[in-house]
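Just the one chain here, laid out as structure tokens, in the form predicted alone.
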Amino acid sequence: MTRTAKLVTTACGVLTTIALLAPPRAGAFPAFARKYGLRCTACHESWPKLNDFGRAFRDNGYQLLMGKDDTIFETPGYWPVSVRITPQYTYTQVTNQPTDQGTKNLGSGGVGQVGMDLLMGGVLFQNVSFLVVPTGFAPDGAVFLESAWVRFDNLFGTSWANLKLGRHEVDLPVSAHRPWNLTGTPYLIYSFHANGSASNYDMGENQWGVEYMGHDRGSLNRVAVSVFNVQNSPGTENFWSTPGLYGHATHEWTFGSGAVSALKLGVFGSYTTWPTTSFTSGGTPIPGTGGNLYPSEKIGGEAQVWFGPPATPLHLIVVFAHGEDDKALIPNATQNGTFNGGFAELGWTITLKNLVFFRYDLCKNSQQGDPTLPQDLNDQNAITFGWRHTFQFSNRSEYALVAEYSTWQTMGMGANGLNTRTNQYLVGIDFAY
């Protein structure tokens, strides 16, 4: 296959995948509302993002800690299962793609055959919680485990000792699985690497590993550390294949009155590895035989401010990170590749049923591993904004109308070194039951 054909195929694949087959990220969980007789707004400031009560409920292992969390107190007919799906119309356009007819802008639209999340979670016994999320179920038939973990809560009688085992989302400043937007533009800094890096580590991707998490009452002070096998790695011979480490700590202040209702500050960082060699068979790498691991690192901070009443806040989030990939991960590199990036997000819950949101993402290479390349090659920026109107919420289900637009630009990666831009328009229904 020629380079041009590969690029065209890739572009068309991106259009099809983003517009038609991308499943929703797991978020709202009405089974919890059904269990405790609470509306979805008890845990969400604007569905699907969690409020303070929702974050504390999650940190407590899906328990209210009022003596009736154990399954023996549930009615025989209760089953901790929910479904989330997002039927939608989406139009996606990618600019400056090479074709046999010259450089073109390629577009595709329609009512997508979207996937689905099947969420199963809660407590097995007091202080033993779990979450299993098979996702996919699209026409391609693919189904995979987005989450699959068990957690032992309040070990030794303290909320500062909780241990999770399995595939889980690391404790991000802002969850990649509970964004306000449904378009295909992610939080760019979570997956960004120095240009050309072989590492495929994405902080927003769930990881197989172990997490220690501790918090005080109300989760005003929190710390979490995850040790894991880096997802999508070809595998290594090590005792712990392709090891990665992630940590996050925050402190939150709440205020009884005034223009600012809460303020949170935090720091986070990751240290992950990636193999650069492997044994081969007939020239093909043998899975699980990788070696010569080299690191990729990120360190950053966050600030979150809630203005106005906690039930209908104006929520400002600012996240910044600096990253570095070892030169051994980058073809033709003579120095480590470094970059800076982050995002600013603003969501205004005008009423309990109406939210408008805006996000700006920016990632810039500060030092190319190969110094002969332009410094801005593969720099990325994105703008995402939209409106969510929730028609109805109860302790059984919730559904909302969503209208969004996002634009994602990548520098120098199109035909003849041109910039590429992905524009996406979306109108759909987001519902969970």
Partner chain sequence: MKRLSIVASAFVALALAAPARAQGPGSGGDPVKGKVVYERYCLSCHGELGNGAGEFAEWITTKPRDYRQGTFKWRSTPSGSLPTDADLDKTIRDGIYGTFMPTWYAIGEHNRRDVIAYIKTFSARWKTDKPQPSIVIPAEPPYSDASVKRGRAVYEKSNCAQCHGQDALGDGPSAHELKDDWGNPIVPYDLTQGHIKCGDTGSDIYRVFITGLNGTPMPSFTDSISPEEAWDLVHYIQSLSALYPKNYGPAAAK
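Because the structure is a prediction, the values reported are computed rather than measured. Residue numbers count along the first chain shown, from 1.
There is another form of this protein, the form predicted together with its partner chain, and it is not shown here; the text below is about that form.
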*Just one of 65, 377, 403, 383 has a heavy atom within 4.5 Å of its partner chain in the predicted complex. Which one?*
65
_Under a 4.5 angstroms heavy atom criterion, identify the one residue in 150, 155, 223, 263 near its partner chain in the predicted complex._
263
*Look up in the predicted complex whether residue 399 has a non-hydrogen atom within 4.5 angstroms of its partner chain, and give yes or no.*
no
_Non-hydrogen atom contact residue 282 with its partner chain in the predicted complex at 4.5 angstroms_ = no
_Can you work out whether residue 249 and its partner chain are in contact in the predicted complex, taking contact to mean some heavy atom pair no more than 4.5 Å apart?_
no
*Can any non-hydrogen atom of residue 332 be found within 4.5 angstroms of its partner chain in the predicted complex?*
no
*Using a 4.5 Å heavy atom cut-off, are 294, 358 and 366 all in contact with its partner chain in the predicted complex?*
no
_Please identify, from 268-276, 282-290, 161-169, 300-308, the stretch that has a heavy atom within 4.5 Å of its partner chain in the predicted complex._
300-308
*Out of 37-54, which residues reach within 4.5 Å of its partner chain in the predicted complex, heavy atoms considered?*
37, 38, 39, 41, 42, 44, 45, 51, 52, 53
